[in-house]
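The chain that follows stands alone, in the form predicted on its own, written as structure tokens.
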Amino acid sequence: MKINYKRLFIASIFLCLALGAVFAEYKFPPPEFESNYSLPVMQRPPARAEILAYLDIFILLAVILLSAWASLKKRSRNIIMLLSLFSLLYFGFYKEGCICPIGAVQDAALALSSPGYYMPFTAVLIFIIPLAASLFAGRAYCGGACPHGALQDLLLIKELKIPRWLDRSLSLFAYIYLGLAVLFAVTGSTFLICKYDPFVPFFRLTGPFSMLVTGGIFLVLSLFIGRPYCRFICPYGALLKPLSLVSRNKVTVTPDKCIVCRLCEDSCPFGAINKPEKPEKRNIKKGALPAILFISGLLAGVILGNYTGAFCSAYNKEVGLAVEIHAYYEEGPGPGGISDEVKVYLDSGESPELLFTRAEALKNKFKKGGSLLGLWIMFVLGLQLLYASRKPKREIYEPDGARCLSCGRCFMDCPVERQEQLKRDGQRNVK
């Protein structure tokens, strides 16, 4: 196995940073407050902070446009790598992962479901800009502007090929994660994506030990698997995939005629290169059975999702408190006494019936949301099976619009592209 020592050196640097983050967890433990501590009141940020926020959005837009230009027009892997390194340093380590469209998914879901929730316009722009860009330039955000993707991409030393069927199966987790994140956001429970982001603790060089370990696992996997988080977990990538499929401009392997050499397929660490195919004529029986199976799958998803929602409601703080209070009144305090949360609630003097009413309403909301979650997952699964079973006529190797991350490796290794590059360099030298 041939090892790229340049990549190995870069990977060693970031693994050292990861190790430093683990030690930082113990060197700077979070402060412990007394029981009467109250959180500071949220205030509107000053004008200068808003100006800086718009500056960050301008930089994000500029990087996405440059990434699109580098992958679609300039066709330069080197430029894409420079943009990725800049995004990692600026959006990742300098901004500590806060200029993040991935987490903005939850803000958007809560703002749409709760009229009283205010989503800043800057957060709206951060959420929308990469989605809009994907309609015109594919996944240019993933290629050069996402610090999460850049961290994984720069660590890759020697990729292991994942079978196509396994790749498609694992990618379903991103849609499940997206659905769960939206469910917990609209119920006001928690922001799952932000809470369990595996890379932000490394950007901040501190964080919960469990998430540092989780992030470390992803970083180790990134040494041998191309962007595992982006491909199989990222909820924002789940939104970018369908939009990139209908993108007006798509990444192509070669600027000229494909010579079918397979070098692009070998160079892609994401399995995103589609082979030439000449589909055979198939005798497909038409009838009601496929429709019945599809509808049955949707109904099964609704039923299972309803139970899943009821199960997830237990992780809501208010529902969990109601369960503890109910157990306290029914069975009395347990062997370990009562929790601090129960003590605080009992001291508040509020009637338990009010808590039980709110908890029941939240549980019903979880059940309805869970039903929609199950419907969503089965619908996505059906679309994935339909997309995987199609056999389009294809005479050349070309990137898959949904799974291509605009990294530029394919046209960097294309002999036709290299020949064109030599011609352009020769013309510039003559001039």
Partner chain sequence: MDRETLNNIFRLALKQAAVASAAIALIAALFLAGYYLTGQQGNIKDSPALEALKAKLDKYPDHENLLREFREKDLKERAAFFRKSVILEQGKNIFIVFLLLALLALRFERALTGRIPEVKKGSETVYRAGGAGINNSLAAAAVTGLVLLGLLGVFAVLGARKMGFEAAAAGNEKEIDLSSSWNSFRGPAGSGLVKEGNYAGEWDLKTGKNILWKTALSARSYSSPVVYKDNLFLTGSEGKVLKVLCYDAVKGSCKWASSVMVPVKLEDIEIMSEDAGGAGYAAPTPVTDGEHVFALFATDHLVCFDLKGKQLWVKYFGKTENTYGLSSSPVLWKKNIIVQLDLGGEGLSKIAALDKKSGKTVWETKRPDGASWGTPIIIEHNGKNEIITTGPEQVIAYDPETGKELWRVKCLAGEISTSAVYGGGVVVVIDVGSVSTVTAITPGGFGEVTKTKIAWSMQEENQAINTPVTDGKILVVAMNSLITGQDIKTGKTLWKLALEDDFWASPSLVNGTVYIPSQQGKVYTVSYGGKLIKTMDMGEKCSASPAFAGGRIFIRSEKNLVCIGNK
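Residue numbers count along the first chain shown, from 1. Predicted model only: the values in this text are computed from it and were never measured.
What comes next is about the form predicted in complex with the partner chain, which is not displayed.
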Picking from 234, 151, 272, 80, the single residue whose non-hydrogen atoms come within 4.5 angstroms of the partner chain in the predicted bound form is 151
Original post:
Would residue 205 show up as a contact with the partner chain in the predicted bound form if we use heavy atoms at 4.5 Å?
Top reply: yes
Using a 4.5 Å heavy atom cut-off, state whether residue 276 contacts the partner chain in the predicted bound form. yes
- Message: Is residue 417 part of the interface with the partner chain in the predicted bound form - any heavy atom within 4.5 Å?
- Response: no
Exercise: residue 214 in contact with the partner chain in the predicted bound form, heavy atom 4.5 Å = no
Note: the partner chain not shown here; in the predicted bound form, the stretch from 67 to 75, 157 to 165, 225 to 233, 140 to 148 having heavy atoms within 4.5 Å of it is 157 to 165
Contacts from 333 to 360 to the partner chain in the predicted bound form (any heavy atom within 4.5 Å), listed N to C, are 349, 350, 351, 353, 354, 356, 357, 359, 360
